[in-house]
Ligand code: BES
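Take a look at this one chain, the form predicted alone, written out in structure tokens.
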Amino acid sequence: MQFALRPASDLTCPDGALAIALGEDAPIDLPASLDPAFRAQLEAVLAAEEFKGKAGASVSVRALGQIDATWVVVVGKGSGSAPDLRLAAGAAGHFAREKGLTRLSFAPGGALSAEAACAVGEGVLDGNYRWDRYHLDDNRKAPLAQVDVFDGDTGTLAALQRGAAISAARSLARDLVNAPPADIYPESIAAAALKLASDRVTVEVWDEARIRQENLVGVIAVGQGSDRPPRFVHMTYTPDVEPVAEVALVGKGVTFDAGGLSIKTSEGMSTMRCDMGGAGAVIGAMSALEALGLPVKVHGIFGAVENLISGSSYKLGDILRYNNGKTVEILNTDAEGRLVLADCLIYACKLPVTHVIDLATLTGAAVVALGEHYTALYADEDPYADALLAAARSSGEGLWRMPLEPLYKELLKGDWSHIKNIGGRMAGSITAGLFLSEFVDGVNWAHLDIAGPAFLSAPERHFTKGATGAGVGTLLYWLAGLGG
């Protein structure tokens, strides 16, 4: 897909859709360059549909030869801010997806700042995303090939392309999460990471023998019930300039979660291909760093396992001794992601990094607390949390800070070990974060519980049902902020 800039006097889109963005709380003000008769008809349709310019709202009509386009779609841009323009562009991209159009023209209704143009680039492609690998060929629709944006300069074009790079990273994460567990398992998700290897990105993959040699006890325990052996992955991006910072991104990579011996119901298991959403987000973010030219050295780390049931499954009552000396008693084999993350966090903290972020579809408690549209944020210092919250706002992702309340550590206190792997029904997302904190040392740390937004149960805004790539945008905007 490619972007191009065109003059505002040429509002057309041959064989495609012309998308016109209008603001909120203002009279409907369609471009004067439209044919007067057609403009009057379109104004009547917008009035009948009670279109108010709300960000992401849309009304479409067939052009019927009155303008050089197949469709005209009017999209709401709300206040005209970058996040609202992202929703407007997303609605336009989604419309093109639904109609199977390969060309779209977008009229933002004024000059775009670099921030706004980046958001438009993201939104169009996010809305146009589809995962239809297993659909019949007759039902598969072609993606956008050309997007024209009216007005702007070379800076606008570069910003649009930055947005496209962020969306491509999100789409990679969405592809990995949407894929069935027969396609994505420890070895294949490690192979997906290996595809990122380049002059700037190195990828190291440990097989089961190396994992045992390194005593990654959580990865070993959770993965031992599956016939597919686990993998441990460490990706490293090194910029072509002196790095301004060095950080680590850690993802939960449970490629399918049946719950182990604490087996899930069929309903609870039905979407558990998404339980590697954290690892998917890390792979997605790592894939964009070179294209964005970020001056930050970044480590991407995850352990990949299947949590299944067999005679070799780990058991309730087992006690794991981690490389940092902490011991963990297993009281629920379905609280497995934190066991894998613990190994990864110990490893990450030994690197010369100042900040570590982990992302995980970790707890149902986070979904109960915040629903499908917010990620739960836990951070050990206020400036770090504030920076991540700002990055999430810029990326259009919902993020809500939760308390890391030390009093709740008592709920994790073990009878036969240092800690248990669950703390009971109360404060389940918080105690999961406190569990992870036991394996963090010497760095600034944040935990993102993406269990809610990682996988949508129904279409929402310009996102289709299924994977959203939750966390990718927040990570990339935060990393860009480190670069100044």
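Residue indices: 1-based, along the sequence shown. In this text, all values refer to a predicted model and were calculated from it rather than measured experimentally.
Here the subject shifts to the form predicted together with the ligand, a form of this protein not shown in this document.
Under a 4.5 angstroms non-hydrogen atom cutoff, the ligand in the model of the complex lacks G100 among its neighbouring residues. In the model of the complex, the ligand sits beyond 4.5 Å of every heavy atom of S395.
The ligand in the model of the complex is approached by G364, whose closest heavy atom lies within 4.5 angstroms of it. Although the partner is absent from this view, R338 contacts the ligand in the model of the complex, with a non-hydrogen atom inside 4.5 angstroms. Annotated contact segment (heavy atom within 4.5 Å of the ligand in the model of the complex): 330 to 338, selected among 229 to 237, 330 to 338, 165 to 173, 87 to 95.
The candidate spot formed by K252, K264 and A451 is fully in contact with the ligand in the model of the complex: every one of the three has a heavy atom within 4.5 Å. Residue-level contacts in the model of the complex: of D275, D358, D126, D343, one residue has a heavy atom within 4.5 Å of the ligand, and it is D275.
Of the residues A57, I422, A427, V61, just one reaches the ligand in the model of the complex with a heavy atom at 4.5 Å or closer; this is I422.
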